[in-house]
Ligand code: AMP
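Before any questions on binding or motion, here is one chain by itself as structure tokens, the form predicted alone.
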Amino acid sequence: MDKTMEKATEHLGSLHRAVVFLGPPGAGKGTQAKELARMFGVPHLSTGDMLRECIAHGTPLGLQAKPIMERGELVPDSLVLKMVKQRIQNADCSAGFVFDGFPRTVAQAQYFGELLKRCGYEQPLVVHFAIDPALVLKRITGRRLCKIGGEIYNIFERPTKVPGRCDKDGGELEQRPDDREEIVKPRLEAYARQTAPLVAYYRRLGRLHDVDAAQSVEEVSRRVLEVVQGHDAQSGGS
């Protein structure tokens, strides 16, 4: 974190709300969600990570989701919503949480709003990561994850000092199966068809804040923090 960001995060206060990162695969939501969650000391939640964990452990939900994800299709709401409901009721979410990759559809967003209300949370603050589709393709196919700590890199935009090894812990880097080029196209088509309408939905509700995701990681982080702190000030810090 640079000095400007360090100064900006000196008096963050508490999050105490759900923050949703909305945007196509490869827009940088995962990187930014982890950073914002770290700043406020709250969980970073990703349905994609949660589903992959279920698949790795061979749970009933994982067995249902695996072939769907391998085809690059979206996992049905019935499976995702059950997982989300259980997760946000955990004690570590009581001070707020940051979600990326959920909700994916307007139906999920409507359910999520009702679920937050029942759990005593305000309606979500939504950050929209706007980005050109051509850049998205480059980001997805170049993305690599550390097998140990999950740190995210990109061979085109954010390469490691030692090829194939994480800068933090030296862990081996891997490409997710659904980041392969032959899988990316149907994923983007699925996003455009089912998830993009969320932009209009949340904008209509006055909860959407646009961020130019084509900027550097540091610039996007600054903008995201401005959005969160600005919303906090407008709502009286509640």
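Note that residue numbering follows the sequence shown and begins at 1. Note that the structure is a prediction, hence the values are computed from the model and not measured.
Keep in mind that the form predicted in complex with this ligand is not shown, yet the notes after this line are about it.
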Contact check in the predicted bound form: 102, 108 and 176 versus this ligand, with a cutoff of 4.5 Å between any heavy atoms. Do all three pass? yes
Want to guess which of 166-174, 204-212, 50-58, 35-43 is within 4.5 Å of this ligand in the predicted bound form, heavy atoms only? 50-58
Given that the partner is absent here, does residue 80 sit within 4.5 Å of this ligand in the predicted bound form, heavy atoms only? yes
Mark residue 93 yes when one of its heavy atoms lies within 4.5 Å of a heavy atom of this ligand in the predicted bound form, and no otherwise. no
Indicate whether residue 137 is a 4.5 Å heavy atom neighbour of this ligand in the predicted bound form. no
Under a 4.5 Å heavy atom criterion, is residue 146 part of the interface with this ligand in the predicted bound form? no
Sort through 131, 155, 152, 74 and report the residue having a heavy atom within 4.5 Å of this ligand in the predicted bound form. 74
